[in-house]
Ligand SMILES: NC(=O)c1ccc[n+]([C@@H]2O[C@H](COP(=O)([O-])OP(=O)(O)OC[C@H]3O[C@@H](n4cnc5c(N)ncnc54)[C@H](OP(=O)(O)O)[C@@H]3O)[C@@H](O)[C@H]2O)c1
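Presented as structure tokens, the chain that follows is alone, the form predicted alone.
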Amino acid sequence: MLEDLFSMRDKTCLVTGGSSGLGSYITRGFLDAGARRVYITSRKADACQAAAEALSEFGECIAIPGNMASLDEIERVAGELGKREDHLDVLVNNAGTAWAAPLADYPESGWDKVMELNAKTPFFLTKALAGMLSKRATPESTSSIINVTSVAGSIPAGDENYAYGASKAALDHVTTSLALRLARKNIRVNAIAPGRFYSKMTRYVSEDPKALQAEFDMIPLQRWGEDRDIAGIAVMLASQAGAFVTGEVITVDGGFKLIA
């Protein structure tokens, strides 16, 4: 029973920002769980292709490079996927960015860049792919959208990354709104709100032993998240194990939110 509940067998998936960090962890999890095929996007074509080749050790992974901050690119990627597949079972909106600066110096360009990729892109990519997601979905076998938000969307961040928290809070709300709208199309929409994980975005801390230990001291479970931590939640939400879950924002932060 458990093997069937958490199986991704026969599922076709798209993971944005899938070439590194959380996106690559989720992609690996899907492939390990038996996904039929996982497509990944990334702004840098070479990095996207290299990641797809490396991940193909665990199952079929195909690169569709694209700058997901652009509406034209969103439509192009959706169109390219439509040429290759007649349906989509799982969409993971993971691509994101951040911009930190003192309040007095915070630029409009930084604010707009973060809000566009973190909040605007998931909405319009979902819009572009809703038809493919509903094509094969049934009440017994739903399609799944997973938005990767952040614990920073519900609590103030310690740094001056103003747009990041605002964009993730917006995506939390988009998640619940789309869950209500798409349920009748047999599409479930949920979000994962990670705390600290090892990735390019957090390397400035993880490469500083003192700063890393200081962060561990603030987390009840005394560590950062690892690949299996995000992959496990994603597989649950995308498989039959999560078949009756929609409109939820699941925090995965080692307990940090409990004491923040």
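We number the residues from 1 along the sequence you see. Just so it is clear, the model here is predicted, and its values are computed rather than measured.
What comes next is about the form predicted together with this ligand, which does not appear here.
Q: Kindly confirm or deny that Arg28, Thr126 and Ile145 each have some heavy atom within 4.5 angstroms of this ligand in the predicted complex.
A: No, the candidate spot makes no contact with this ligand.
Q: Is there any non-hydrogen atom of Gly96 lying within 4.5 Å of this ligand in the predicted complex?
A: Yes.
Q: Would you classify Phe197 as touching this ligand in the predicted complex, given a 4.5 Å non-hydrogen atom cut-off?
A: Result yes; Phe197 sits at the interface with this ligand in the predicted complex.
Q: Is the gap between Leu178 and this ligand in the predicted complex 4.5 Å or less for some heavy atom pair?
A: Contact check for Leu178: no, nothing within 4.5 Å of this ligand in the predicted complex.
Q: If you check in the predicted complex, is Arg43 within 4.5 Å of this ligand, heavy atoms only?
A: Judged by the heavy-atom cut-off of 4.5 Å, Arg43 is in contact with this ligand in the predicted complex.
Q: Please determine, with the chain shown alone, which of 104-112, 80-88, 130-138, 145-153 has non-hydrogen atoms within 4.5 Å of this ligand in the predicted complex.
A: Looking at the other structure, the answer is 145-153.
Q: Can you work out which of Ile62, Val205, Ala69, Ile219 has a heavy atom no more than 4.5 Å from this ligand in the predicted complex?
A: Exactly one listed residue reaches within 4.5 Å, namely Ala69.
Q: Could you list which residues of 207-241 come within 4.5 Å of this ligand in the predicted complex, counting heavy atoms only?
A: The stretch 207-241, when checked against this ligand in the predicted complex, contributes no residue at the 4.5 Å heavy-atom cut-off.
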